[in-house]
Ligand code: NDP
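Presented below, as structure tokens, is a lone chain in the form predicted on its own.
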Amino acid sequence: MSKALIIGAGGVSNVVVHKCCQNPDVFEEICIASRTKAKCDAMKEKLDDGRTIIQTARLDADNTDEVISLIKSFKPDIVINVALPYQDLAIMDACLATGVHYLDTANYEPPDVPRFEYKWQWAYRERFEKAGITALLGSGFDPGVTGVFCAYAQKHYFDEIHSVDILDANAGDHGYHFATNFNPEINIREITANGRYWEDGKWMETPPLSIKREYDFPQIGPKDIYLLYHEELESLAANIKGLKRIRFWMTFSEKYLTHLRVLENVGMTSIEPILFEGKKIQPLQFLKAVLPDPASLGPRTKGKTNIGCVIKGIKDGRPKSYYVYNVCVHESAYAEVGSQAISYTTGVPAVIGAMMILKGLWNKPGVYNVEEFDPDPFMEELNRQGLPWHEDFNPVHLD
């Protein structure tokens, strides 16, 4: 029996809270903490059936001292960080100060610099090791499950993995002209950044959304996919031995991209502050305020997601291909937990990662990415917790 402090009260947190309550044998008690305590209270009111004890708290996660105080008061075994990636380091500092395990779903990103990379969090390795606690980074879907998929393929099907293409398709329709499926600020910063991929030991950079392909996804059909940089490329390039190339692809509709181009052209996606009515504001933060809240998309979104890895390499001296993926239905996710599939596919792996640590299966002092642990128990839990995976040993490859 364990206690978990869940920081954040958005769509992903809603999934995490639901899944913790579905597994009371692991999560005996949880505390939901956010800057807006009313959101935490609403989750508690909906889910407090006595199987998992639920507390709530108001918390400014940017303030390490506040996080330390709450940890000392609640005494959790693990902190599940599903707040903003800007807050990762403040929460990690609090975990170090209190000797509590840490988990997140997205790597640290400085608020004023549109870069997301692991160097800031990897710098904590020695301190977490000396403290005897585990920090598990990127335990969402991508990053997260995609890393576990690669580790599983490496363990069971390949002697050498030479290439990985991570494919993320959302064929859902929420009915809005333009909306993002997770935090608009993070989402748009990610999409408007230069694309990057790793090949032959070095990083290759491309203009944003300049490389396009079409892929025929199981259960979804043909979709346009665009090459992006995504954080798991950095850790997988370091941890999957023998890798010669790794890329990340995501689907976007032409309607979505048209809206994004217009917003970018008029300066609304900029993070450079401007003076407006005597105050400095970031245009992107203003845009976030007027766009639909991703947490509100659940009841409107219809369709499916498909996220997986197409992998090529060598087994017993012969070329081998493998495709492992999950298909998640937006309506099913909403019926179960009240969130659409984008939140579901991120929140469920966060809970599984916490379970791996709390059960002692992935409990090793230090800072780690998911692919550095045994993938088998995580893969088993994906099937149990609502994200079943599928395999194809004759997939179509991207050039």
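What you are looking at is a predicted structure, and each value in this text was computed from that prediction instead of being measured. Residues carry their position along the shown sequence, with the first being 1.
There is also a form predicted in complex with the named molecule; it is not shown, and the following applies to it.
Exercise. Considering the named molecule in the predicted complex, which of G172, G140, P76, G195 comes within 4.5 Å of it through any heavy atom?
Worked result: Residue within 4.5 Å of the partner: G140.
Exercise. Which one of P292, P208, P85, G303 is close to the named molecule in the predicted complex, taking close to mean a heavy atom within 4.5 Å?
Worked result: Contact with the named molecule in the predicted complex is made by P85 alone.
Problem set entry | Segment that reaches the named molecule in the predicted complex - one of 257-265, 324-332, 101-109, 308-316, heavy atoms within 4.5 Å | Result of the contact check: 101-109.
Exercise. Every residue in C21, R51 and Q55 with a non-hydrogen atom within 4.5 Å of the named molecule in the predicted complex?
Worked result: Answer is no for this spot.
Exercise. Going by a heavy atom distance of 4.5 Å, is D60 a contact of the named molecule in the predicted complex?
Worked result: Taking the distances in the predicted complex, the answer for D60 is yes, it comes within 4.5 Å of the named molecule.
Exercise. Does the named molecule get within 4.5 angstroms of any non-hydrogen atom of P375 in the predicted complex?
Worked result: Output for P375 is no: heavy atoms all beyond 4.5 Å of the named molecule.
Problem set entry | 4.5 Å heavy atom contact, K39 to the named molecule in the predicted complex | It does: once the named molecule is placed as it appears in the predicted complex, K39 has a heavy atom within 4.5 Å of it.
Exercise. Is the gap between K44 and the named molecule in the predicted complex 4.5 Å or less for some heavy atom pair?
Worked result: No, K44 is distant from the partner.
Exercise. Counting only heavy atoms, which residues in 9-40 are within 4.5 Å of the named molecule in the predicted complex?
Worked result: A9, G10, G11, V12, S13, S34, R35, T36, K39 sit within 4.5 Å of the partner.
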